[in-house]
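Listed next as structure tokens is one chain, alone, in the form predicted on its own.
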Amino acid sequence: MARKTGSHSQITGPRIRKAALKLIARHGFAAVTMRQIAAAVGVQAGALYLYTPDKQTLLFDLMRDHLEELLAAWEAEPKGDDPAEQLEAFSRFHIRFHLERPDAVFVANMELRNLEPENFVAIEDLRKRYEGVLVAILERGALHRDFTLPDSRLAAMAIIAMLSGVNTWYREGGRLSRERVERIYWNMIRRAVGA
């Protein structure tokens, strides 16, 4: 299908994803319609289909893009050499990255139930890759006796849940700065793994 004169796919596509992310985070995937997304962007509902075939694909793309961005950002993050340095880097990175993207985090965590089976598998694979980063750090730390852990995978899930919880309560300009929150959480995690 030919694009209308004056259409700017590099502008409209990102605006559609941004509006969809905000609406889904606020109202939930099931409650949001393509018409609402189109209205938020200022285009006709039919124009959305130039950018995505359907609402399910749009949800999948939002979640996939968030997780791929997360993995790429971790790859670029300075990590240190020993497992304790890497665990600290992971802890601080997780908080910092997620606090900057509250809507994407909410959608990526809360809308899994709305993915079709094949999309769910693809998103779960990306989530497991990220979880695997932390499991590997914990396993190296346990192997070198830097950490005392009964089960590295269970510890990784507990740490990720604890770190992800920051998004539910942290407010910019509140009692604690982001840096202070990172430091407190790192100290709790350090003690939890026996480092």
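The model shown is predicted, which means the values in this text are computed figures rather than measured ones. We number the residues from 1 along the sequence you see.
Although it is not shown, the form predicted together with a further copy of the same chain is what the next lines describe.
Although the partner is absent from this view, W74 stays clear of a further copy of the same chain in the predicted bound form, with no non-hydrogen atom inside 4.5 angstroms. Under a 4.5 angstroms non-hydrogen atom cutoff, a further copy of the same chain in the predicted bound form lacks Q86 among its neighbouring residues. In the predicted bound form, D151 approaches a further copy of the same chain with a heavy atom inside 4.5 Å. In the predicted bound form, a further copy of the same chain sits within 4.5 Å of a heavy atom belonging to F106. Though a further copy of the same chain is absent from this view, in the predicted bound form it lies within 4.5 Å of a heavy atom of just one residue from L143, A45, A40, A158, which is A158. Contact annotation for the candidate site: A31, E111 and G165 all lie close to a further copy of the same chain in the predicted bound form (heavy atom within 4.5 Å). Contacts to a further copy of the same chain in the predicted bound form (heavy atom within 4.5 Å) from stretch 14-41: I24, A25, R26, H27, G28, A30, A31.
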